[in-house]
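Next up is one chain by itself, shown in structure tokens, the form predicted on its own.
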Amino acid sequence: MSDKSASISGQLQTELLIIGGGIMGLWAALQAERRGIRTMLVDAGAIAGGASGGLLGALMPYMPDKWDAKKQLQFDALVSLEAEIADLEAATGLSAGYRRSGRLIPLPKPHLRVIAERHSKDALRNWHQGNHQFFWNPLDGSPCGDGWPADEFAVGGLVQDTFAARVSPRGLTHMLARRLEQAARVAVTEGLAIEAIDAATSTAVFRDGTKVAFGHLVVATGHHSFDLLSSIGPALAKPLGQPVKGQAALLKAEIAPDLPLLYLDGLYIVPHEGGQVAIGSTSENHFNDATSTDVLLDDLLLRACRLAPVLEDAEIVERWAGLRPKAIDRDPMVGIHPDAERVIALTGGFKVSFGLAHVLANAALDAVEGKAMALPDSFSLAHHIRVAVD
């Protein structure tokens, strides 16, 4: 518990209460500080735990074809994130391990080269903003030399995506937490679990008996958000979402930190600073233990070593598992609850949270201030509730 919130007991009041101190809640608290809103950020465990404390950190764009508002939003978010991180690094003196290192995608079959050539034209048309132009370049061989990736996977050549980037999830969340320590209007409390939301009285009830009256409440508790939001209003026919387990590993290898990410058929290989390489991730809808790793990660590591043979003798530094939120319609879930105008959802979409969180948090704060959210309708909580009702 921070010194700012050490006096929590009994009934408290705050302009804005944010439940959940992962990547979404942290960005929401920072956006609230920027807007001058007195805020309490509360997490059931440690700040930046859960899925936000993972290893991978791949910031990968949607494909450049079939362009629409959702792809444009993600593109703009990934461009603007670089400046946001630079500002935070300057303010805190910490590093988020961010680098726009690009990505290599092997083309295992010759016909994929034709598709890649077409997408190259799509990228020229859609992947640009101001002086920023990013490319989807079909290549005959790897610009990184032999073994990154292995030639056996590049029968049709490969694609060099110059837009993809990476960030250390723990570096970014730790930096956000440090920045909030400097915030005059944000109090942070750890180890305080939410029990219920009384929308009628605008009161949050916690398991230890603490009650907090709020002007507005942002629910940013990852996959736990689905049950919390479903508890408000009429019963829904289907759950608003589910947790999806992901397993990943961190390796220590003698490789350059500026190597591009490798991606093939759901396998991510992400070089980080200091010779560390993140491997991920599984997507398990059914599991017995949310935090254990098993043969699924073993298989992922074998695939990674085959795709990048330089990793064969790499030391395994850490094996990790956690739960990501997957909303009923897969997109992020943001906005005012139709049955509780002071309750706002802010939970991630499937695998895209780190690249979009700063933009989604800003939209949630617009909702707090009664402004329209500049988001696609499919991102809204009202849309997800409609899907869950039908």
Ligand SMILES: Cc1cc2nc3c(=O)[nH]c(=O)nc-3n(C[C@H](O)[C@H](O)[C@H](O)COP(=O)(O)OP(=O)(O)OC[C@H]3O[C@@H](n4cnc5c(N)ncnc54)[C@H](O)[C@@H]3O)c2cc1C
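Numbering starts at 1 and follows the sequence shown. All values derive from a computational prediction rather than experimental measurement.
There is also a form predicted together with the ligand; it is not shown, and the following applies to it.
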**Study point:** Residues D161, L267 and I269 all lining the ligand in the model of the complex, heavy atom within 4.5 Å
**Key:** no
Within 4.5 Å of the ligand in the model of the complex, heavy atom basis, the matching stretch of 361-369, 31-39, 324-332, 65-73 is 324-332
Does G45 reach the ligand in the model of the complex, with heavy atoms at most 4.5 Å apart?
-> yes
For I19, is any heavy atom within 4.5 Å of the ligand in the model of the complex, or not? yes
Original post:
Are any of the heavy atoms in R179 no more than 4.5 Å from a heavy atom of the ligand in the model of the complex?
Top reply: no
Checklist entry - I194: heavy atom within 4.5 Å of the ligand in the model of the complex? => result yes
Among G102, G97, G246, P149, just one has a heavy atom within 4.5 Å of the ligand in the model of the complex, namely G246
Near the ligand in the model of the complex, with a heavy atom at 4.5 Å or closer, the residues from 220-254 are A220, T221, G222, H224, G246, Q247, A248
